[in-house]
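Two forms of the same protein chain are encoded below as structure tokens; each is given separately, as structure 1 and structure 2.
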Structure 1
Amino acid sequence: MEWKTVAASMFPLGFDIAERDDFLCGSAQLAGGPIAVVGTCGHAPIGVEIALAQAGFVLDGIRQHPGRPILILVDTQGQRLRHRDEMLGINSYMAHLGKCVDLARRHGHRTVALVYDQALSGGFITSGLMADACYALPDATIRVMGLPAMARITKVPEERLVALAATNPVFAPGPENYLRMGGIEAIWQGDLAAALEQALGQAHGDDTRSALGLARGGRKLAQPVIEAIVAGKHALAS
């Protein structure tokens, strides 16, 4: 979906968001005051420049607008696959973006992310998945890697992966699978403005995704393993 369509529906009081080379930044009006908006569009490949641009916007926001909530709009095909990006240390640029979102949260900025089109891999874990909570539109796709590439690397035949993707939440790209595993807080339907207000009201800084994954039945082992180790145990409670 086009970000402008999403923004028009989500911000009936108005918004002022600039788009430049797939990088989005600006602000919008909510009933309670302004919200900062940052993200990407056009299935952007996340290279060093766009990672740094997003990080810079978040840092400026912490400095200039203390406490202003932040919405991260996610549409990315993942990290840019270039030698130049690796030579320059793209993992450092992406980590920097993730750390800036983390710092914003700790400085009292409620952070909410929305996958409005596509989310993949490294471009996602340093943006949407760093927010207090990440949401998705029903038609969004979220995945680690396309199935052909995944087949090459895992040496599992592509037909087998295609079959698994149809039935298995671990492989299927739909947001409902991420919902079941706790990676997505909820899928937004209907009134996006109301959904955003509600998400901001519920935002908190604790990472509860493994507990959600257990409660929703999509990731049954993560939470028991975490709890056992936090308790210093040598075996899982049976």
Structure 2
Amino acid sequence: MEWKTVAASMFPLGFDIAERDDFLCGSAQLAGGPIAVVGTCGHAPIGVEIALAQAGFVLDGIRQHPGRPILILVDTQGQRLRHRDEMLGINSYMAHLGKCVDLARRHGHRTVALVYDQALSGGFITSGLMADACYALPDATIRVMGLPAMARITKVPEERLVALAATNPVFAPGPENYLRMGGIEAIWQGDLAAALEQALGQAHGDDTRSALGLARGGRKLAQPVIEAIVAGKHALAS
């Protein structure tokens, strides 16, 4: 979906968002005050330039607008697969972006992400999944890796992966499967402005994705493993 259509529906009180080379940044007006908006469009491949631009916008917001909530609009095909970006250390740039989002959270900025079109791989991990909570539109495309690519890397036949994807959300793309795994909080439908206001009201900074995945039946082992590790640490401490 076109980002301007999403913004018009989400911000009936107005918005001022600029688009430059698939990079989005600006602000919008909510009933409770302004919100910072940063993200990507055009299925952007996240290279060093966009990662650094997003990180810089977040840091500027921390300095200039303390406590202002942040919305991350996600539409990315993942990290840019170029020799140049690899040689420049794209992994460090993306890690820097993730750290900046975490820094904003630690400074009292509520952060909400919305996958409005496409979310793949590292471009999604260091943006949308770093927010307090991530949401998606019904027609969004979300996946870590396509099944053909997964088959080539894991050496598991694609037919077997297709069969696994029919019953196991870990292998399957789409917002519904990420909802089951706890990767996204909810799928927004209807009034996007009201959905955003509600999401900001519920943003708390605690990572409950493993617990949600267990409750929804999409990730059955992550939370028990976490609890076992915590119990083991407590036992060693005592």
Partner chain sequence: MSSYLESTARERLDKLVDAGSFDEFLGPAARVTSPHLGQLNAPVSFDDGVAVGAARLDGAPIYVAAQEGSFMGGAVGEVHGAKLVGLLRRAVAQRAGAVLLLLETGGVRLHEANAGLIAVSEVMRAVLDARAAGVAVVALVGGSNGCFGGMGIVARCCNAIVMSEEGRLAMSGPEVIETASGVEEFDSRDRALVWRTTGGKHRFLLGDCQAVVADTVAAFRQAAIDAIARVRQGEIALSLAALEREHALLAERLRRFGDMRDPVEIWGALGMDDPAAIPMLEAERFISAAQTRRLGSE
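One-based numbering along structure 1's sequence throughout. Since we're looking at a predicted model, the values are computed, not measured. Note that the rigid core is defined as the largest set of C-alphas that superpose within 1.5 Å between two forms.
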Next item on the list: Specify the structure that is the form predicted in complex with its partner chain; exactly one of the two qualifies.
Entry: 1
Notebook entry, point to check: Does Arg160 move its CA by 2 angstroms or more between the two structures when the core is aligned?
Noted result: yes
